[in-house]
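Only one chain is included here, represented as structure tokens and corresponding to the form predicted on its own.
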């Protein structure tokens, strides 16, 4: 018989997972009637929390975990530095885990952390993550989670993000002001909150300027660089190629540069390129890359600060909070106006 999860209880009772989690923790936010319904369902279905992990909450490991989907992205490297700076001030250690954009790896790591190895978790989701049972189970065991950048709206906790919608809107308008009328958007994952917000900003800017582009101009990419290179090259070699590409993440901009070179497409004369990126060498590329740069270091530091605030108060349940920091559009040669 498979293990009963918080999701199973929530589905049976037709309530949210957070309601079930709070009821099992005897939270004051949940009515006595609802709490009793949840407890009764838990008994009937045989739900058993992890008592070992819960007991370990009385002892501090002086360690927190930080999960990122990749370590080749400059954004995550800077965010790690920000979190480390705050942890060091409090004499805490950070265990860094790379999930390699794989949901199963993320799930496995979170399950491993549930044994009390860490006092709390800071994380950014993988592009494959669409279910959150493993995260709810970890919180239920008494280990708090703070999200940054790639978040789960379904889980009530603190979330540190940037103004993705507004930044994507402004980035798309930047391309339009520089003469672009056929702008392709390179998407990484339909399940990622940041990807969806950036797509929405892109589409809103197109709508504002009455640019009715086909749905095929949103190109779904993957974590595989070789596959992305092929998709982008095919896009640029099509009979009607776009005059601009908006890359939702850094790796897709670099793939665009490589694909454009192979296809004989000149940047910015034939194609303008913009992306969300914290790439330190963006000014050194040929041509220099126009970026929307996120305050990555500050996001990591803010996530750690929020987590420690609750750890110091010995409160494993973090109240729902959305902290939004501003990104910066930095124009460079990849979107420069040309006479062709």
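Keep in mind it's a predicted model, so treat the numbers as computed, not measured. Numbering follows the first chain given and starts at 1.
Quick note: we don't show the form predicted together with another copy of the chain, though the next part is all about it.
Report task. Indicate whether another copy of the chain has at least one heavy atom within 4.5 Å of a heavy atom of residue 250 in the predicted complex. Result -> Result yes; residue 250 sits at the interface with another copy of the chain in the predicted complex.
Query raised in the report: Closest heavy atom of residue 237 to another copy of the chain in the predicted complex, within 4.5 Å or not?
Result: Outside the cut-off, so no.
Query raised in the report: Would residue 311 show up as a contact with another copy of the chain in the predicted complex if we use heavy atoms at 4.5 Å?
Result: No - in the predicted complex, heavy atoms of residue 311 and another copy of the chain never come within 4.5 Å of each other.
Report task. Examine residue 284 and determine whether its closest non-hydrogen atom to another copy of the chain in the predicted complex is within 4.5 angstroms. Result -> Residue-level check for residue 284: yes, a contact with another copy of the chain.
Query - Segment assignment from 79-87, 237-245, 157-165, 209-217: heavy atom within 4.5 Å of another copy of the chain in the predicted complex - result: Within 4.5 Å of the partner lies stretch 79-87.
Query raised in the report: Quick one: of 203, 265, 96, 176, which gets a non-hydrogen atom within 4.5 angstroms of another copy of the chain in the predicted complex?
Result: So the residue touching another copy of the chain in the predicted complex, by this definition, is 96.
Query - Listed residue (91, 190, 224, 269) with a non-hydrogen atom within 4.5 angstroms of another copy of the chain in the predicted complex - result: Contact with another copy of the chain in the predicted complex is made by 91 alone.
Report task. Run the contact test on 62, 105 and 279 with a 4.5 Å heavy atom cut-off to another copy of the chain in the predicted complex and return yes or no. Result -> Yes, each of 62, 105 and 279 comes within 4.5 Å of another copy of the chain in the predicted complex.
Requested in this report: Could you list the residues in 100-135 that come within 4.5 Å of another copy of the chain in the predicted complex, counting only heavy atoms and keeping sequence order?
Outcome: Residues within 4.5 Å: 100, 105, 109, 117.
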